[in-house]
Ligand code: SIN
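Form predicted on its own, single chain, as structure tokens, below.
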Amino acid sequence: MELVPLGSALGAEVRDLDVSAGLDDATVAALRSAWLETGLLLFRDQSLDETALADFSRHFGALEAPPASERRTRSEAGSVVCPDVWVISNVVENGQAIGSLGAGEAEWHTDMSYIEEPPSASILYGLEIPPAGGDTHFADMYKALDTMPEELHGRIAGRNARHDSSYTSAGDLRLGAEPVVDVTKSPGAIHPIERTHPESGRQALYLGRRRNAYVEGLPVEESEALLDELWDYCTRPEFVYVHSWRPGDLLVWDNRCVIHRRDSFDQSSRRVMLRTQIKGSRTN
């Protein structure tokens, strides 16, 4: 097993390791250490089904069940094999979507930050990849906070943000949700903007997603301006790694200190990904 940095921003590629072959305790410990250090691990040329992906994912903790909308989509398509794995896809078969999030752009976000105990890790495996588009961008929230101008840092000190649960990262209103008309009352969890990572002990910026976010205690206009400034800052190129997918790619990232987004791609091209998430703990 060899670790090779993915670039100057974050992440490492793990080479010469078949994750489906069974991992001993020493290898798992080394992977977890590298994951906590780099925020993102890439494994190329893997061959996994849903069960193998779930088995590998459990090395990082207990699996978080998919949101209800994703469970419903798979059930309607008759594609449920492992209930803790869900499909990210634009493919429609027999009139039914086999997965979620379609082919459009997915905005910058942290997975499921709208719940009280957001996932600690997300794991995404590429089955079918379009010939162009669909790249995933990752940004390091440790570095964003560590290098933040003192004046901007002072404006978020001790502040909490509301994380709206009404919309997906692709901008779709969730089934059963109502459009948000007042961001100060949108449904979803409230988390510190500066988060203490429960394993590394380091401080990271924790924003969730921009849509319908609100900085508690501020006038809406002031909250909007502050959030725009924070998002413009934390997604600068020096904090970002862009991943161009190949079939068999497996990515594991730390939701507590990494945000991500997806480029759009041609709807006529097939993109099929398998995804799991690892249960986390309350933010602090």
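The structure displayed is predicted, hence computed values, not measured ones. The numbering used is simple: start at 1 and walk along the sequence shown.
Another form exists, predicted together with the named molecule; not displayed. Remarks below refer to it.
- When contacts are defined as a non-hydrogen atom within 4.5 Å, all of His109, Leu124 and Trp245 contact the named molecule in the predicted complex.
- Taking non-hydrogen atoms only, Leu145 never approaches the named molecule to within 4.5 angstroms in the predicted complex.
- Though the partner is left out of this view, Ile88 does reach within 4.5 Å of the named molecule in the predicted complex, counting heavy atoms only.
- The named molecule is not shown here, but in the predicted complex it comes within 4.5 Å of a heavy atom of Thr136.
- In the predicted complex, at least one heavy atom of Leu101 sits within 4.5 Å of a heavy atom of the named molecule.
- Stretch 254 to 262 is the contacting one of 254 to 262, 57 to 65, 42 to 50, 213 to 221, since its residues have non-hydrogen atoms within 4.5 Å of the named molecule in the predicted complex.
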